[in-house]
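To begin, one chain is listed below as structure tokens, in the form predicted alone.
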Amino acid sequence: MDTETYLEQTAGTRPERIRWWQEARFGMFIHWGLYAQLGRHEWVMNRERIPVEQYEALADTWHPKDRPAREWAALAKQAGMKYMVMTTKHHEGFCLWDTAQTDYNAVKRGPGRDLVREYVDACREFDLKIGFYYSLMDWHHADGARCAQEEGARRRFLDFTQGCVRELMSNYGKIDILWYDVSWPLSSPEAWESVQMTNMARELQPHILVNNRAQLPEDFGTPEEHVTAAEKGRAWEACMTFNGSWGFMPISPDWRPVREVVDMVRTAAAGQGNLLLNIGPTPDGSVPPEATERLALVGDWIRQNGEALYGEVDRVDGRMEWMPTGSWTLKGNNAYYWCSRWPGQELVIGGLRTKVNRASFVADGTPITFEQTENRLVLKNLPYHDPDRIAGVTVIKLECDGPPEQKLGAGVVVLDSAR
């Protein structure tokens, strides 16, 4: 099948396939592999130039505790996440499943069991959609680098790669997301045989969603370490580290606070995108306590305010303006104001051109008194202190006569002094 025909076919089935994902909004990324034992970033093998033979010894010293994926899934559920994506093979080349493609895998080496199977079982136990990350780049495979120079090496490496993808799509029941990464060193989708490989995956998993990292646009884009909306009409998911490293790195002091995570989720929703937030489990599979503590609080916040986040949201850009005290999400005739700098007993929003019928706090439904004129909405009799004690972000719902719209511009209202 040629690329154009393939992309037309996938585009035709996309609206039905992607609906759940677009309403889910928030997922957990899990980077876990041999690198967790070193605790110096998932690129440690490459950055420290550790020889393959030396690094490979880590495969025999890795002994995770029993079923740690249940801990991840339980935390994801608690945090308000709807799906998970786990590294089945990262750039280091170690496969976490029972593969026939190589003995460098979790069943044949130290763990002695299928870690992907445990992850799938945990996702299903906690009713989470299932995503498989797969790195195309491979530092361990003998042909992983030379496939760009030798046709024989390319063929061998693609046979290995396609064999791995086929196993992942065949052996674990329904899989919801195929998340490719780093298409080095081959420089085109034709060289990777991306159409053939992913078409095979779709034949095995007709409802699967595929990201854009096999050099084809596929179902969604993947901005990394920045939450930036794609062009209108393009699905996107920002993948973000929690502490600057994808893999376990205990020396990191840079854990994102609850407030920042909440803001990232809002930014994603405002741009009709998703947030995929990473945890890097410890060598035994435990979640670092910094992640557990923060995600538990994020979940508490989302349970109170999830109405402003989940489901079918509208894009904010072009319809609403920036405000010093907060930002927006939109759903139909409702505007949600995420107030992140509490002003005290009165909150003023300028330029709202749509009539407001009712205002209330999302967390508990308490109504808010207000006055609205042509250029100003004044919310009155508010608590003196910010009502939200979790993240310092209080969400206010404005129920409007029609789709909300705000126009301010750079000028100010000029009063006619002659009146």
Ligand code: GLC
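One rule holds for the numbers: they count along the sequence shown, beginning at 1. Since the model is a prediction, treat every value here as computed from it, not as a measurement.
The next section is about a form of this same protein that is not shown, the form predicted together with ligand GLC.
- The stretch from 251 to 259, 164 to 172, 85 to 93, 186 to 194 that comes within 4.5 Å of ligand GLC in the model of the complex, counting heavy atoms only, is 85 to 93.
- Annotated contacts: 32, 72 and 124 are all free of ligand GLC in the model of the complex [non-hydrogen atom within 4.5 angstroms].
- In the model of the complex, at least one heavy atom of residue 224 sits within 4.5 Å of ligand GLC.
- A residue is said to contact a partner when one of its heavy atoms sits within 4.5 Å of a partner heavy atom; residue 370 fails this definition for ligand GLC in the model of the complex, lying far away.
- For the chain shown alone, residue 43 is a contact residue for ligand GLC in the model of the complex, at least one non-hydrogen atom being within 4.5 angstroms.
- Although the partner is absent here, residue 302 sits far enough away that none of its heavy atoms falls within 4.5 Å of ligand GLC in the model of the complex.
- Of the residues given (296, 204, 142, 182), 182 alone sits with a heavy atom within 4.5 Å of ligand GLC in the model of the complex.
- Only one of 129, 319, 213, 109 comes within 4.5 Å of ligand GLC in the model of the complex through a heavy atom, and that residue is 213.
- Residue 133 is the only one in 113 to 133 with at least one heavy atom within 4.5 Å of ligand GLC in the model of the complex.
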